[in-house]
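Next comes just one chain, in C-alpha cells: the form predicted alone.
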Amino acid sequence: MRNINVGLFGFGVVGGGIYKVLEAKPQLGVSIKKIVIKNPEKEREAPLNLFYTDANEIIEDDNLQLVVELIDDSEAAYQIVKRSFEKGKSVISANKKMIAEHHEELIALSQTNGVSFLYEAAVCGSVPIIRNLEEYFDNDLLTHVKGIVNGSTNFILTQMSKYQSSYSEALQLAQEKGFAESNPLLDVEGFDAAYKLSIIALHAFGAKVKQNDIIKKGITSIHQNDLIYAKEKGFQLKLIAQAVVNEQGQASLFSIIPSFVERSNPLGLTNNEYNGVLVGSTLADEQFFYGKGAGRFPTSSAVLSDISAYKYGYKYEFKKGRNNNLVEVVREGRFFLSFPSNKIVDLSDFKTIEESYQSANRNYVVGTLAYQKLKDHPFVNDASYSLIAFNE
C-alpha cells in the first residue's frame, strides 16, 4: 500500500495528538511532512523545520497528497479546502461550520477534481455516524435520525442535572476539561449541533438543509425549576437534534431543542461529553450509536479513521442523492414552556394546554404546539422563555 505524505493545518490538541500517533506508528505509512500554524512563537512538541505560516507551503507542494485541516477559522478553512481541491489534493476536515456553509460547493469541487473529502470528525467525535449512514442504511427505509451531537452541552446539562451545578459553574468546568471553547456561543446556543445536523441530513436522506430551515433553541435559557420538573417526572434533560422524513421519504422536520428524555431511553443514559445517535428505520426500528463526542482523543480517533479510509481510496458516494429538499408538513409535539411569573405570555399558538402551573417567580404550561410555528417565534428567540420538547 502506498505511503501518504500529509500537510497539516493547525497544531492544537487534536493536531498535536495526530502527529504523535503517526510518529509512533510508522507502520501506518502516513507521514506529516509540513504543518502550517498561526503563531510561530508558540512552543510545540515537534521539529521546528516542519512548521510554516504560509498556507502555500502545503497547497503548492506537489509531494503532499493529503491535507488535514484542523483550524477554528471557518472562512480560512474554506479557502484552504477549496484551493487544495483545485490542486488535486484530498482533504480531511473537522470544521463542521465550514462544511455546513459550503457543503454543496465543496462536494462538487472534490468530485470534479477526483479527490476525497472526508469529515467524520466534524460530526460526532468518535461516533462513526457519517460512514454508517453512507454505507449501511438505505434512505427508503430510514424514518428519522435523532440524538445528542454536542458533547459540550451534554456535559453542562449533566453537571446541572446530576450535581445541581449552576449553568456558569458547569460551563467553567467544561472549559477547564477542554470540552467547551473559551467562547462557547456556538455550542450552547445550538449552532454547532445545527451544523452537524445539516451534514447528517445529507448523508441520511440526501436532504439539502440550510441553517434557517432548522428550528434552534439552545440551553442558556434553561432554568433550575425546569431541572426540578424533570427530576420529579423521571426525565433527563438533553439537547436533542432531530431530522425526520414523511411517509414519502421527504425531509420534513429539522430541529435542535432541549428535550425531556426518559431515563431508560438510550439518550437519557448518554451523559457528560458523550454523544448518542438513534437511527430509525421502518424495518429495524432504531439503531443506537454511542461514544465520546468532545475532547482531544475522540476527535483524533475520527481523523485517523478518515486517514485510514483515504489510504484505501475511500470517497463518499452520496448514494441517497443530493436533491431532497425540505417539504412543509405540519408536525405537532408536546412542549413544556416556562417563563417569569411577571411576564405576559401569548399562549394562542398552543393547540391544547394540558397542564398549567403558577408560582411567585416562575410559571409553566405543558401543551401541544406545531413545530412549524416555532420558526422565528419568541418562544425560541427570547431567552426569558425556556422551551423544552417531550421526547416522544
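For clarity, every value in this text was computed on a predicted model and none was experimentally measured. Residue numbers here begin at 1 and follow the sequence given.
Omitted from view is the form predicted together with a small molecule, to which the following refers.
Peer 1: Exactly one of 181, 286, 72, 104 has a non-hydrogen atom within 4.5 Å of the small molecule in the model of the complex; which residue is it?
Peer 2: When the small molecule is considered in the model of the complex, the option within 4.5 Å is 181.
Peer 1: Going by heavy atom distances of 4.5 angstroms or less, which of 93, 152, 255, 270 would be at the interface with the small molecule in the model of the complex?
Peer 2: Contact check passes for 152.
Peer 1: If contact means any heavy atom within 4.5 Å, which of 144 to 152, 75 to 83, 307 to 315, 223 to 231 contacts the small molecule in the model of the complex?
Peer 2: Going through the listed ranges, the match is 144 to 152.
Peer 1: Answer yes if any heavy atom of residue 294 is within 4.5 Å of a heavy atom of the small molecule in the model of the complex; otherwise answer no.
Peer 2: Although the small molecule is absent here, residue 294 would touch it in the model of the complex, with heavy atoms inside 4.5 Å.
Peer 1: Does the 4.5 Å heavy atom contact test between residue 320 and the small molecule in the model of the complex come out positive?
Peer 2: Although the small molecule is absent here, residue 320 would stay clear of it in the model of the complex, with no heavy atoms inside 4.5 Å.
Peer 1: Quick one: is residue 196 in contact with the small molecule in the model of the complex, heavy atoms, 4.5 Å cut-off?
Peer 2: Yes, residue 196 sits close enough to the small molecule in the model of the complex that at least one of its heavy atoms falls within 4.5 Å.
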